[in-house]
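Given next, in structure tokens, is a single chain: the form predicted alone.
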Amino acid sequence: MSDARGPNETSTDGAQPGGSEGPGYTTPQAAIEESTPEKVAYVMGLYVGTDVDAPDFLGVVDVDPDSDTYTEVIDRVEMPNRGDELHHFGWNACSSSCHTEGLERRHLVIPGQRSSRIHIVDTNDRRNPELTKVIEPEEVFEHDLSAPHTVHCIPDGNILISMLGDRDGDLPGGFLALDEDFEVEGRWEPPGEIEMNYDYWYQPRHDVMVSSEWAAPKTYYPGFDLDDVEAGNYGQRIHVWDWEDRTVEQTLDLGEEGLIPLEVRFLHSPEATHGYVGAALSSNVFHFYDAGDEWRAESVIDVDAREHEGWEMPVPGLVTDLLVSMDDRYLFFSNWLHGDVRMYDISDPSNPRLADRIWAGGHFGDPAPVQNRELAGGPQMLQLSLDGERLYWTTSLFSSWDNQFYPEEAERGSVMLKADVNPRRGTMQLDEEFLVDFGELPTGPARAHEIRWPDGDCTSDVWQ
């Protein structure tokens, strides 16, 4: 992935690299073979819940080891308002539209979790992107929705965003659709199909989408309270949708082993009917799959809670993010509270095998500093290079939860770390030379959250 236009660029004869007519790659294997190493990363940066009076921003991080500004935040696109809590974000187009002529993966769609404001950023100049449009919260509230979360482009060039609450921050949530000009189209699904919402992933070849559950915004905004778990205010179900009809066909209750199911990942092959969801609080990873006459979900990885001095209860790993490598061979996930990143061989999707893990920060991790920098939090949002050889992560989860479990994060800021991955051997090694310090920014220490690559990545690209 060079800083010049990448594989999405239309050549002078109008043809796209790899034979595609639109953005992205024709297949996951083409993404592996045709991509070049990432040179910049887009990273959410935020000041919500800190003493710094500044707006959240999109950070441009130099990850080119041959660059003079390697590991530095080389540009920041500040949002026009304070208090958005930028969280997850996505592209206007991805490989799902690779045969749609005229589309380009160029604009980032960046929601504010707390504000419900949606920002559109043009990345035509990859190192100096520009904010071009803001959808104000009132336009979202008109559809009785709030708290935007996961952004996916869909094959026709439109954009779909999961919404976690109604206009008042209560349940139910739903989905908001934008058109390719970033105008709000309205609700995507009939209201009332689900109560709770969080992440989702679709597999168009099988006409299916799977969504997960966090809670009502009013429940998780202030921080984590165990009483809310006992009151049933957090989710434990996933929903299997008919993608075309936009209706829920089946709901799977994961039970007490599936408390707070967050990130949803299908395998990348468009033929696959296997996927995973991480249950954060119960710290299990569930494998979901099409059994022919119905969808099923089974817990295939369990992270044991651990005793810790100063905690009244055993500390769960808190599986807060997971991803699947582009070749569908490995599953990676983070245990934010324990402090480790794990790598599993999923050649047999029903029987993941632990391949390797790294400790870095967290309540049980190696306290050793990286580049003389003390680590304030545990591994959280992950992103893997398309060739599967470099795994990156940041350390902030959500401002109020950070302040509860890692209060130092607000004072020191987040870090972005990297591990070198050997896919052939199934091993990882922490890169001791790589550190992006969000605590050393001109405006003050910032939190860092989700990571995206200009040419697509393992947590956003879908194939038809």
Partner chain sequence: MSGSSVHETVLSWSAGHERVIGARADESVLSAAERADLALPFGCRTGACATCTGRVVDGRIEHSRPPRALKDRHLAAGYVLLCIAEPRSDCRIEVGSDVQTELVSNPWK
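Source: prediction; values computed, not measured. Residue numbers count along the first chain shown, from 1.
Although it is not shown, the form predicted in complex with the partner chain is what the next lines describe.
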#### Entry: Stretch in contact, per heavy atom within 4.5 angstroms of the partner chain in the model of the complex, of 66-74, 42-50, 29-37, 424-432
42-50
### Task
Tell me, out of W295, W359, F224, Y200, which residue has a non-hydrogen atom within 4.5 angstroms of the partner chain in the model of the complex.
F224
### Contact residue in the model of the complex, from G157, G83, G388, P204 (heavy atom within 4.5 Å of the partner chain)
G83
### Query
Using a 4.5 Å heavy atom cut-off, are S115, K218 and F405 all in contact with the partner chain in the model of the complex?
yes
### Message
Does any part of D228 reach within 4.5 Å of the partner chain in the model of the complex? Heavy atoms only, please.
### Response
yes
### Message
Quick check on G169: any heavy atom within 4.5 Å of the partner chain in the model of the complex?
### Response
yes
### Message
With a cut-off of 4.5 Å between heavy atoms, is I194 one of the residues that contacts the partner chain in the model of the complex?
### Response
no
### Message
With the partner left out here, check for me: in the model of the complex, does some heavy atom of L281 sit within 4.5 Å of the partner chain?
### Response
yes
### Query
Which residues within 290-315 place at least one heavy atom within 4.5 Å of the partner chain in the model of the complex?
W311, E312, M313, P314, V315
